[in-house]
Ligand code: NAD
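Just one chain is shown here, as structure tokens, and it is the form predicted alone.
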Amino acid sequence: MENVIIVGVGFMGGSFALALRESGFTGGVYGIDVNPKALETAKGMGIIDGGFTDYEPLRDMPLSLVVMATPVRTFREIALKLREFTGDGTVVTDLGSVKGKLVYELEDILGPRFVGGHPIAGTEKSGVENSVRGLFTGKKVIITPTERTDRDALRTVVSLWERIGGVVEFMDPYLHDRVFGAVSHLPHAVAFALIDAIERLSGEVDLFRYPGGGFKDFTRIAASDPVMWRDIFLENRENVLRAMDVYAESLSHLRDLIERGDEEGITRFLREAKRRRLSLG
């Protein structure tokens, strides 16, 4: 590959560029971001060779790969802009947490050389200055090809992720959203809502003065980027709402057991939850 363009030079985009650098990639790595300070920081850290706040410089630049690393609801607008500058040899992929119909819409705009991708890696931090070395090493990366996906483009994306240490798994785009609506998007929703509940429960006593380790561990992800998670919740709305409904049923069941003072029922509920959690390793 000659040049790689990363649209969105934040935590994920920066970590991806860093991983690319450390894999021995010798081509050009450039960033596009609406925030010139993010580009300046990334260049100062040696993560990118240069950066732009608009797409016009791409016109005369050979583009091997473009990676979208912005909040998912910006992807359509970005794809429409990229279409003017990408050629038949350009592969476009993304780092977004939502796939489903979005993959097909991006294919309609960009053609079969778009390949959906989702690395299962990250932290609650944001900003390119918090980019993490080795973030993707040993981490699962979900690739969501369709019947239209160009096979050469798919091989390019797969080999790239393997080069930087990812463990690739293929998944249908709609199945992806059902899976991660439950195991990723729901936990974030719960963590955000728990912080809100503690705020509302704080009256004459500020409850945030007394958090234990468990509370801090459980709510760590509530420190995540609000814009990114707003977009994920809205873009995967149907699956997130379904997961929240099922969670509400589980919480309601536990509430009923506690209200009835059902010692045996509570113990069974907690024991089964513990068994499933321990099975994760």
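Predicted model only: the values in this text are computed from it and were never measured. Don't overthink the numbering: it's just position in the shown sequence, from 1.
The form predicted together with the ligand exists for this protein as well; it is not shown, and the discussion that follows is about that form.
Contact annotation for Ile32: at least one heavy atom lies within 4.5 Å of the ligand in the model of the complex. The closest heavy atom approach of Pro145 to the ligand in the model of the complex falls outside 4.5 Å.
Using a 4.5 angstroms limit between non-hydrogen atoms, Thr70 touches the ligand in the model of the complex. Among heavy atoms of Ile78, some come within 4.5 Å of the ligand in the model of the complex. Leu95 is the sole member of Ile164, Val141, Leu110, Leu95 with a non-hydrogen atom lying within 4.5 angstroms of the ligand in the model of the complex.
Listed residues Gly134, Pro187, Gly89, Gly127 were compared with the ligand in the model of the complex; Gly127 is the one with a heavy atom within 4.5 Å.
Contact with the ligand in the model of the complex, defined as any heavy atom within 4.5 Å, is confined among 226-234, 239-247, 252-260, 22-30 to 226-234.
Contacts between stretch 1-16 and the ligand, counted in the model of the complex as any heavy atom lying within 4.5 Å, involve Val7, Gly8, Val9, Gly10, Phe11, Met12, Gly13, listed in sequence order.
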